[in-house]
Ligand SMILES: N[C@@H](CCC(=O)N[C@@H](CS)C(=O)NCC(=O)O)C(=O)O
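There is one chain below, alone, in structure tokens, taken in the form predicted on its own.
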Amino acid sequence: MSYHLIIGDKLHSSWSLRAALALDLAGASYTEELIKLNQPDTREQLLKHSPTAKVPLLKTEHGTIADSLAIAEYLVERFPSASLWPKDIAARAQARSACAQMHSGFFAMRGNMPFDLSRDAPLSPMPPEVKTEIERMLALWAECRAASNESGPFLFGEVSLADAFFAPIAVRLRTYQVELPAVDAAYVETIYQWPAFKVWQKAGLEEAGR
């Protein structure tokens, strides 16, 4: 089965990045369709594919799957041998919990630190609620590392869906020049060296003409 992924601009669509990384982890063959965001006809174009009018969308033999977390869980079922979540049950539970927390929260970071692969400047001044959320994010990453029983540079040792979901956070921390403890800076660098991420980043920067 070949899948068809509908995404927004690679420069700005963090949710689309998550779905693309998840598909790469699964080893799934797919085609890609980019719909530019924030255009007069963006909503009209997206409504042709889904009533959510949001990206990402994954077209499958079982219908159109909306939302990056739903796409990820669909891929877990379709590609069980890919081990998209950590193998250990405790680590797997923590990975799902961490992704759910990120997926439904951290609104101050989202609102004040828009995803932009081409940015390279600090947020000044940084609102206190953003600082609080950054501290919580780093604590969440520490909880992931503590739950892992595998060695490796990713949150749970080996690369997993958790890293696909936190990759856009790593981008925000780097592009807004947030000072990080060594362990977290190393994790951000791990994301930036992830081959699938580098492919996406290159395409995003090309969109920006850089």
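Note that the coordinates shown come from a computational prediction; the quantities given were computed from them, not determined experimentally. Numbering starts at 1 and follows the sequence shown.
The discussion below concerns the form predicted together with this ligand, not included here.
Exercise. Please name which of the stretches 22 to 30, 153 to 161, 66 to 74, 173 to 181 has residues with heavy atoms lying within 4.5 Å of this ligand in the predicted complex.
Key: Of the options given, it is 66 to 74.
Quiz item: Even though this ligand is not shown here, does residue 194 get within 4.5 Å of it in the predicted complex, heavy atoms only?
Solution: Heavy-atom contact with this ligand at 4.5 Å: absent for residue 194.
Practice problem: Classify residue 167 as contacting or not contacting this ligand in the predicted complex by the rule of any non-hydrogen atom within 4.5 angstroms, answering yes or no. | Solution: No, no contact at 4.5 Å.
Exercise. Mark residue 60 yes when one of its heavy atoms lies within 4.5 Å of a heavy atom of this ligand in the predicted complex, and no otherwise.
Key: It does not: once this ligand is placed as it appears in the predicted complex, residue 60 has no heavy atom within 4.5 Å of it.
Quiz item: So, in the predicted complex, is residue 46 in contact with this ligand at a 4.5 angstroms heavy atom limit?
Solution: Residue-level check for residue 46: yes, a contact with this ligand.
Practice problem: Let me know which residues along 10 to 26 have a heavy atom within 4.5 Å of this ligand in the predicted complex, or say none if there are none. | Solution: Contacts from 10 to 26: 13, 14, 15.
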